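The chain that follows stands alone, in the form predicted alone, written as structure tokens.
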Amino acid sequence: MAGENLSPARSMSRKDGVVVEIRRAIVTGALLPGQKLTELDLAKNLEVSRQTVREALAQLTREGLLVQEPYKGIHVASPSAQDIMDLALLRESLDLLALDQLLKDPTGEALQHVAAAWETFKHLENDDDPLVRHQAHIAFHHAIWLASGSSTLLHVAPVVEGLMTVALARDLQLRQDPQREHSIHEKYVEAILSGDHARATAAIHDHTVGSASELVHMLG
């Protein structure tokens, strides 16, 4: 039954608590791609009203974690191999836009923000809570876009980050390799901080398109 592995939502606002619990379930694999969700089951298991669940589901649908189809209800997003590669190519383009802006900053402050974001991520990437690790990962990339100063990136971030959550959840469940995760991010950051555009471009490609290609291969 959808929602039976979730914890009652008692913290924050009730709607935000439901959002967190569903997001956690997607990240950990308690809710699988394609799994159908119903307001009644979620309301019962999370001990909230159906209206609260409805609001939470609407938010997660806008973010791309859930998909609503006419006559079929709501289910966890189940990206195809093409969807995963499309997202990777989009992320690569957006990261390259951020890179251009970061390297144009004559003060060097933008790159200092990138370095600070990396230090924050390193403190959280091995947290016992998988949702904390996931959110630290998303926040790290968001911080890089923020440091670039591009308002365009910040406008598209919520949707892209929602789509990333589903893909990253599948990656996490299949790889279970924190050392690889650390190494690829370290290479990514060092390349950006080097100020070498060609090196950073290659690292961004490896981190986005390269990682997505590996995930698609693992998914078969």
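Numbers for residues come from their place in the sequence shown, where the first is 1. All figures in this text were calculated on a predicted structure; none of them were measured in a lab. Between two forms, the rigid core is the largest collection of C-alphas that superpose within 1.5 Å.
Only in words, not in the display: the form predicted together with a further copy of the same chain, which the text now covers.
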**Fill in**
The one residue among Leu193, Val159, Leu40, Leu32 placing a heavy atom within 4.5 Å of a further copy of the same chain in the model of the complex is Val159
**Prompt:** Which of Leu87, Ile74, Leu124, Ile138 has a heavy atom within 4.5 Å of a further copy of the same chain in the model of the complex?
**Reply:** Leu87
**Prompt:** Counting only heavy atoms and a 4.5 Å cutoff, which of 40-48, 24-32, 177-185, 60-68 contacts a further copy of the same chain in the model of the complex?
**Reply:** 60-68
**Prompt:** Looking in the model of the complex, any heavy atom of Leu168 within 4.5 Å of a further copy of the same chain?
**Reply:** no
**Request:** Answer for Leu103 alone: is it within 4.5 Å of a further copy of the same chain in the model of the complex, judged on heavy atom distances?
**Result:** no
**Item:** in the model of the complex, Ser78 touching a further copy of the same chain (heavy atom, 4.5 Å)
**Value:** no
**in the model of the complex, Leu97 touching a further copy of the same chain (heavy atom, 4.5 Å)** = yes
**Asked** For 121-159: residues with a non-hydrogen atom within 4.5 angstroms of a further copy of the same chain in the model of the complex?
**Response** Gly149, Ser150, Ser151, Thr152, Leu153, His155, Val156, Val159
**Message:** Once you overlay the rigid core, does the Cα of Arg54 travel 2 Å or further between this form and the one not shown?
**Reply:** yes
**Large Cα shift (2 Å or above) at Glu39 between this form and the one not shown, core-fitted** = yes
